[in-house]
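Single chain ahead, by itself, as structure tokens, in the form predicted alone.
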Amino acid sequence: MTEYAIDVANLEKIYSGRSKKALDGVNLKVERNKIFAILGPNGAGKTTLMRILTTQITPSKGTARVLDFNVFSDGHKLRKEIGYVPQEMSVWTDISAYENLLIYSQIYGIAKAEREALIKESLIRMELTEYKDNLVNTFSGGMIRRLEIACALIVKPQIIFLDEPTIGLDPEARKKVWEKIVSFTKESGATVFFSTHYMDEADEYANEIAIINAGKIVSQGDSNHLKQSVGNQEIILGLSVPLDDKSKQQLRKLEQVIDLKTNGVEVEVWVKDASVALSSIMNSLFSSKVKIESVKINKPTLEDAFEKYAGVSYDSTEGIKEVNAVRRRIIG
């Protein structure tokens, strides 16, 4: 068994009738037992990659292994080990939550003797037991998403693929969904591979993040690495009096200081690491007998990293309206 849950090399996908590659030489490794996020604008290749990894479509070129299985030749074996929640609705709304789980247990080939126990466990895990006999079209958006995840987890997969798992949900519902996902991974040791338009989810929950654009992985690393790679941090100081030339020179000589700009009693200082630089900056000002009235630190965000590497402005609503509209039409 290798250390990687996903191992992709030189993966390409060209859809019939199109000249542009949906995936253009993707190379990607995802460690086991990790939560991995993939970010990118609409049309970047996120869903295509996920559909290849879940054996729904075949690539035009390259190799892909999931859980040591070749996704092309071992698809029938791999499908027994994975869970998948697509963007689109994946449950039936005119039947109950229990009936949905029963159907999925049959689709996954779970033995009849084991179904009831696994259905009960899934309902408990996603806090849906008291609603198990309710029609799904009476559920809130968050409850529907939890049911969809319950259906994907019923086989206790080694890896779960989530395509926009909380799209369009309110903050409280999003938090609830992620609590359940994280709890499952801690209990089972499963790997999670997810896409999202919500940068805060990737920032908070992902152990590692890849940014994809135009079918290529353009950057990869943990959230801190990506943010730090954007550039310098800024410390904005409000002072009691404007700095004199000597005090400015003193600040410029500090090891962490890259540049500074003054505007009356406000000083902007650019540094490599604000948490390291702040104490030496404050000590320098104190030695010059300058009183500090306020301190503000601006650090690069994951949104900044996204915009730098994807080459497009970050828009958290991108793609959400379209998927929500589809889901509303299905719910009725």
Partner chain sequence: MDAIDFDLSEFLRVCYAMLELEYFRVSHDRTELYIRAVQPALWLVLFGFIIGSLRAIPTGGIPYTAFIAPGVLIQSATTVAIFYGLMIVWERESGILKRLLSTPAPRYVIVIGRALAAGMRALIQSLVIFLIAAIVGVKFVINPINFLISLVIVLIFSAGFAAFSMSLATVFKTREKFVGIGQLIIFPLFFSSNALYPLTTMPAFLQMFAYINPMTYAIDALRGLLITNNLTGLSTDIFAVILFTSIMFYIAAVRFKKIVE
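Numbering follows the first chain given and starts at 1. Treat the numbers as computed from the prediction; the structure is a model and nothing was measured.
The protein also exists as the form predicted together with its partner chain; that form is not presented, and the subsequent description refers to it.
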- Among 167 to 175, 216 to 224, 151 to 159, 233 to 241, mark the stretch whose residues have heavy atoms within 4.5 Å of its partner chain in the predicted complex. 151 to 159
- Item | 4.5 angstroms heavy atom contact with its partner chain in the predicted complex for Lys80 | yes
- Is Val276 close enough to its partner chain in the predicted complex to count, meaning some heavy atom within 4.5 Å? no
- Does its partner chain come within 4.5 Å of any heavy atom of Val91 in the predicted complex? yes
- Message: Although the partner isn't part of this model, could you tell me whether Leu135 comes within 4.5 Å of its partner chain in the predicted complex, counting any heavy atom of the residue?
- Response: yes
- Report the residue, out of Ser188, Ser140, Ser229, Gln106, that has at least one non-hydrogen atom within 4.5 angstroms of its partner chain in the predicted complex. Gln106
- If we test each of Leu251, Leu118, Leu128, Leu102 for a heavy atom within 4.5 Å of its partner chain in the predicted complex, the one that passes is Leu102
- Query: Looking at its partner chain in the predicted complex, which residues in 2 to 21 have at least one heavy atom within 4.5 Å of it?
  - Reply: Lys13, Tyr15
